[in-house]
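The chain that follows stands alone, in the form predicted on its own, written as structure tokens.
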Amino acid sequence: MTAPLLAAAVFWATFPLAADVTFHKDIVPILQTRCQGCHRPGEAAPMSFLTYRETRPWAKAIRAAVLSGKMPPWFADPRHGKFVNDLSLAPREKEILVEWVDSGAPEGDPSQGPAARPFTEGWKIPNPDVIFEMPQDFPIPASGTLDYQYISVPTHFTEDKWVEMVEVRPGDRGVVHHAIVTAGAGAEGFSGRQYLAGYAPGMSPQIWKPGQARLIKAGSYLTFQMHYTTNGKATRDRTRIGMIFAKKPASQQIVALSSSAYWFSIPPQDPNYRVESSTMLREDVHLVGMRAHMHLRGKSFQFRAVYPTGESEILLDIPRYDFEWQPYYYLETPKLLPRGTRIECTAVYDNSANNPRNPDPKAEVSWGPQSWDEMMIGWFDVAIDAAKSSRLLRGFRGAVE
């Protein structure tokens, strides 16, 4: 075989004819891995991609979203860090999706597809061991501004519980700006408690590696911090939290920390305003995950580690921040951060008229709880030796989203 013919044979073996690409054989595996977590009944996406009948009407929209990078929603720069919950498509997956649409989106033979991916109805985690919810529906009016709500629920735990999976689910996502659930003694107050889990658009459940878990002490109360935003339609919400317990005490305790800036003032019409923060680690830890939080003027966000040696490393770079998609980025391999390491964060805001989400380009903007205010929080979770007393366990500082 001549060199040109050999090259052609290799090319077509690697890239099958478009006519060969079918829904069941080629598209379903991609949807199961990248899309169906949200694109199914009861989840955040507005349409389901579980079956051919459900997916076919959206074929052209899928093609456009894939080529533009809008979907699947994943905004971390791939040059910095590898994340276990990475939804981004591999180059060949993008090609397969486009080939399928361009060839008429054929269904193919159902027997050639994989078995349906199993889901627990109403949850992204498997069936929870325990579910707690707000004691009653909270009414949200059609318009107006609501103060933060703090709602406590007793756990009635008679022993300490190690939680290896946890998920917070709003009753009505359309009005829940965020939810934070903390655990601690007593039913009053919010500061001085341990962060347990939260919800914001795009957040996935917390599923820790074997041997890692959050700790809820016996007799603890859970406090739901609820931030509601009105959307023109009166409704009601009853947010809940589901947990799966570790079968034995964890060897590493997961602790939530943050690097935040509270005192800033973003000038009117500024398209590129930078805010910096820094947090010093007082002991050795393993970094396991990060999440950036800003509001509607958020443009980009970066986490860096500055080590005691003076060397620095970008841990997570989000060049295109999206208020509607704020996932935790879970590292494939936990990273050792020695005592004395600084976690530095840089947030950039676009307060100009070029930002289509900007509520008021003429406003000077500072820290505040509502979406038209701004925030700057770099959340990060670390793993510590569960057998040792840690100076990190000072309790949740009450920094709110």
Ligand code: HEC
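Residue indices: 1-based, along the sequence shown. Just so it is clear, the model here is predicted, and its values are computed rather than measured.
There is another form of the same protein, the form predicted together with heme C (HEC); it is not shown, and what comes next is about it.
Novice: Can you check whether P73 is within 4.5 Å of heme C (HEC) in the model of the complex, heavy atom basis?
Specialist: P73: contacts heme C (HEC) in the model of the complex.
Novice: Decide whether W325 counts as a contact residue for heme C (HEC) in the model of the complex under a heavy atom distance cut-off of 4.5 Å.
Specialist: Yes, contact at 4.5 Å.
Novice: How about C38: is it within 4.5 Å of heme C (HEC) in the model of the complex, going by heavy atoms?
Specialist: Contact check for C38: yes, within 4.5 Å of heme C (HEC) in the model of the complex.
Novice: Indicate whether heme C (HEC) has at least one heavy atom within 4.5 Å of a heavy atom of V365 in the model of the complex.
Specialist: Taking the distances in the model of the complex, the answer for V365 is no, it never comes within 4.5 Å of heme C (HEC).
Novice: For the spot marked by M134, M165 and R240, is every residue within 4.5 Å of heme C (HEC) in the model of the complex through some heavy atom?
Specialist: Checking in the model of the complex: none of M134, M165 and R240 is within 4.5 Å of heme C (HEC).
Novice: Quick one: from L336, L67, M47, A353, grab the residue that has a heavy atom within 4.5 Å of heme C (HEC) in the model of the complex.
Specialist: Result of the distance check: M47.
Novice: Which of L87, L146, V306, I266 has a heavy atom within 4.5 Å of heme C (HEC) in the model of the complex?
Specialist: Contact residue from the list: L87.
Novice: The chain here is shown without heme C (HEC). Which stretch in 344-352, 30-38, 366-374, 328-336 comes within 4.5 angstroms of it in the model of the complex, by heavy atom distance?
Specialist: Single hit among the candidates: 30-38.
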